[in-house]
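The chain below stands alone and is given in structure tokens; this is the form predicted on its own.
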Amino acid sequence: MKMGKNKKVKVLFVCLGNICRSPMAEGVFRQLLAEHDLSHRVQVDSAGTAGYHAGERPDRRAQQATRRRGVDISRQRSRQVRRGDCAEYDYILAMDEWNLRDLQRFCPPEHRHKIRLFLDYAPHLGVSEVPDPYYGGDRGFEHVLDLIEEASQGLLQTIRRDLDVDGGY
């Protein structure tokens, strides 16, 4: 999907409660964009398919894990996916099959082509889902960050091609 010179690409990361995986992905990808001087061309947000934690900060363990890698997600606030997100965002990236199915049911048919699994951008990993670390220990959050960092690189490559920035990589 090639974008015009002044068009902004919009990316939405989605998990269940928007307190672990999707805010971590938002923070990591936002930092990656800054490192590649693309923050002005790409808008990033995250949301949950459920509104259990609406208005809350990311899970303390998610904040600690990302902070150890130089990413601050402490200012983010959880929100539930809104109907308007389906039209507004160019990439709607689910962390797992469950949330993918929920998004496909939620979004109107004309926007379903935007919905994918986030790990589709890291096929070399051999896994399709980012596991929910909520009920696990600290190692689970580190593993999730490893997956997010890999998929973020693949997503960045795709978006660079869309924006025709140095022809991708």
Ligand code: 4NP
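Quick caveat, the model's predicted, so the values are computed rather than measured. From 1 onward, residues are counted along the sequence shown.
There is another form of this protein, the form predicted together with the ligand, and it is not shown here; the text below is about that form.
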Inset, instruction - Spell out, yes or no, whether the shortest heavy atom distance between Cys20 and the ligand in the predicted complex is within 4.5 Å. - result: yes
Inset, instruction - May I ask you to state whether Ile148 is within 4.5 Å of the ligand in the predicted complex, using heavy atom distances? - result: no
Inset, instruction - Find out whether any non-hydrogen atom of Tyr121 is located within 4.5 angstroms of the ligand in the predicted complex, and reply yes or no. - result: no
Inset, instruction - State yes or no: in the predicted complex, is some non-hydrogen atom of His53 no more than 4.5 angstroms from a non-hydrogen atom of the ligand? - result: yes
Inset, instruction - Just give me the single entry in Asp132, Asp102, Glu129, Asp45 that has a non-hydrogen atom within 4.5 angstroms of the ligand in the predicted complex. - result: Asp132
Inset, instruction - With the ligand left out here, work out from 26-34, 64-72, 132-140, 103-111 which stretch has heavy atoms within 4.5 Å of it in the predicted complex. - result: 132-140
